[in-house]
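Just one chain follows, in the form predicted alone, and it is written as structure tokens.
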């Protein structure tokens, strides 16, 4: 009984508390690796925390109160969506709330009435219109093969999602750089063009809170990918626990983001729409046909 309570509530709560630390470290390691690839020493891996703590000591320059409300809503909905994901709530609602967080970010950008903020918000909105249908379609396919939107059904399924939804996972990998704000889809925050996009007018502790939200986001998207392999694997006489497979899936996604970020140049918005949306939807439709033909769907 005590073990069940620990696994059901204790572990997810611990992960939720540690997620901004893990997310910040992952971003710091990413910067370090990128610098090494570019033959630079790079910042320490804890630099994201230094930057965030420094911002909390800076003076706040407030444009208006509206964008602060939207910024706070963005942070809270990101944390809420991660909590729902870790506590294995409804995956559709979790995905919806995670998408809602970016709507708050878009509204924050528009509410500043800054040119940079408006352009960044528009680009963020275009990105949402590109990846949200793909993400929701993938969640729908997960429902088809597990019989429920409950995340718990993924853990109790007979096979890992990777075996039945390989192309859906590939489609999610395609949109990962958008969610992680990585090249070639770091369009909304293209700092060489529009400063920081929707976050341009934020400063001080308010900008620090947005950076903290990015730490939570990084952990969310990697944990979401890890759901595609949560089952134990037997290799000969060796059994690899499902939790280890989840960590490996997160590692694969993380390395993928770093490689793609350093190997590609930023695309234009229209190029992103054509390439990501079309390719992603085709992959998902093929996977749907595969599910129907092989009879793997559950009513």
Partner chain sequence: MSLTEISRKKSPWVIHVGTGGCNGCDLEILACLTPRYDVSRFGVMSTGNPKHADVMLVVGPVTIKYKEIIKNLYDQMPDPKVVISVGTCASTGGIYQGCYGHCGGVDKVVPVDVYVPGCNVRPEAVIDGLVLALDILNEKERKILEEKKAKAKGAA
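Residue numbers count along the first chain shown, from 1. The model shown is predicted, which means the values in this text are computed figures rather than measured ones.
Beyond the structure shown, there is the form predicted in complex with the partner chain, which is absent from this document and is the topic of what follows.
For this session: Verify the contact flag for residue 59: yes if a non-hydrogen atom of it lies within 4.5 Å of a non-hydrogen atom of the partner chain in the model of the complex, no if not.
Result: Output for residue 59 is yes: heavy atoms within 4.5 Å of the partner chain.
Exercise. So in the model of the complex, does residue 42 come within 4.5 Å of the partner chain, heavy atom to heavy atom?
Worked result: Taking the distances in the model of the complex, the answer for residue 42 is yes, it comes within 4.5 Å of the partner chain.
Exercise. Would residue 268 count as a contact of the partner chain in the model of the complex, using a 4.5 angstroms cut-off between non-hydrogen atoms?
Worked result: Heavy-atom contact with the partner chain at 4.5 Å: absent for residue 268.
Exercise. Are any of the heavy atoms in residue 203 no more than 4.5 Å from a heavy atom of the partner chain in the model of the complex?
Worked result: Although the partner chain is absent here, residue 203 would touch it in the model of the complex, with heavy atoms inside 4.5 Å.
Exercise. Only one of 228-236, 260-268, 51-59, 247-255 gets a heavy atom within 4.5 Å of the partner chain in the model of the complex; which is it?
Worked result: In short, 51-59.
Problem set entry | Contact check for 75, 85 and 153 against the partner chain in the model of the complex, heavy atom at 4.5 Å | Contact check failed for every one of 75, 85 and 153.
For this session: Could you work out which of 207, 91, 187, 218 is the residue within 4.5 angstroms of the partner chain in the model of the complex, going by heavy atoms?
Result: Selected residue: 207.
Exercise. Which of the residues spanning 63-85 lie within 4.5 Å of the partner chain in the model of the complex, based on heavy atoms?
Worked result: The stretch 63-85, when checked against the partner chain in the model of the complex, contributes only 63 at the 4.5 Å heavy-atom cut-off.
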